[in-house]
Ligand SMILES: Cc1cc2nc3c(=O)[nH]c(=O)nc-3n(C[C@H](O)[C@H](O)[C@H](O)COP(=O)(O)OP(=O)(O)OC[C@H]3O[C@@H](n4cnc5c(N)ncnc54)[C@H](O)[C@@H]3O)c2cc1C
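One chain comes next, on its own, written out as structure tokens in the form predicted alone.
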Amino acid sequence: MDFSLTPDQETFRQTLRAWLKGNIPREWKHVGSSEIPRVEAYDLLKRWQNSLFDAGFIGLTWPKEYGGRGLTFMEELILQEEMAFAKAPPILNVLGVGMAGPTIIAYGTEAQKKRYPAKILSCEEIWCQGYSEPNAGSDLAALQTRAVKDGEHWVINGQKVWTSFAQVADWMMLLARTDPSAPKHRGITYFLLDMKLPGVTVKPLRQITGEAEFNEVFFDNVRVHESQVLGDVNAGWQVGITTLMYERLTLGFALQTRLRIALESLIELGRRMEKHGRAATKEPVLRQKIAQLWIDTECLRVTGARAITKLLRGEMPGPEASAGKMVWVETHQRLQELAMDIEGPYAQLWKGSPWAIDGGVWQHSFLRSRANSIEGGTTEIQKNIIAERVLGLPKD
């Protein structure tokens, strides 16, 4: 790994650092969470992402003609580091920026590449992901949502589930079966679906935090124009896998940043809370746990740098991204559990209680972290990928 910067990259860092210092919204509170934006922050984070776009600090590696800066992944690494140092807010359109945009740039027609990416970066159009189904979660190739050709349109019927942001999304990355007679990994097509089309119904699913962040999405004779196919008909499996590779790569960078911000917040919490008559950070066992979290967070950061080194050499990200995601999950859940230990009896107090620490945000983040080992590919699936593609073990 080469961490040295060119003069232009050093200038980029200083410019970005100065911009962040003067533009992070005053109402932003960075305490507690390091993951998916909370519902009450959507409006703030949408404005924040638009500010980043106007300043040219998002979509750094995307081609200029599609709204990006045409820079390298080294600038992306600098961006994520500075966002962590400044405790900046996350962006709202995480699935659009991390998954939809790069996939459209890789597989889209020129018309699609001119139409979608810039509006993704500006947060003008929010995206969700239509992959998982009631009977096709971990086994994505078993999906049953059908698309049947009717003239210039595809008529789609079926259901998706666990769809983050569907309740506010404008567009969906949708996988549907277009040739039921083909083997299950074939005969699948990737669609860019307008969520406002007739026949699309979104039903929120309330989770343990009390929020309805995930959703069921139903399709009842939804007519999608053939121009909204991404890639070739019946070749959607490879396009869909590309989306997942970008998810584990680009979102991995962002998650490492959010993890570092959460760790800094945890340390601040430990300095404020008392254990046995002294600050929790002075209590030996808790202090050791915090130190281990710092070590693990640094390991994730360097692992991310290794992935960037591969990209700078022109290589594609590989299954090592699964290891990064799996380790991030375990580290983040330990961090949230430690926050509960530090708060002691106060950990039982929820938002609304006048005695809740930091307004109860840590309790929410602790409960939300239970989803980490399910979303974005379950930990069990990540272990299978590592076993088969890294260790060379036989398939189960």
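When you see a residue number, it is the position in the sequence shown, counting from 1. As the structure is a prediction and not an experimental result, all values here were calculated from the model.
Note that the form predicted in complex with the named molecule isn't included here; everything after this is about it.
Contact check for residue 138: a heavy atom falls within 4.5 Å of the named molecule in the model of the complex. At least one heavy atom of residue 132 is located within 4.5 Å of the named molecule in the model of the complex. In the model of the complex, at least one heavy atom of residue 164 sits within 4.5 Å of the named molecule.
Among heavy atoms of residue 16, none comes within 4.5 Å of the named molecule in the model of the complex. Interface residue among 77, 95, 188, 239, judged by heavy atoms within 4.5 Å of the named molecule in the model of the complex: 95.
Only one of 79 to 87, 266 to 274, 297 to 305, 123 to 131 lies within 4.5 Å of the named molecule in the model of the complex by heavy atoms, and it is 123 to 131. Contacts between stretch 338 to 376 and the named molecule, counted in the model of the complex as any heavy atom lying within 4.5 Å, involve 368, 371, 374, 375, 376, listed in sequence order.
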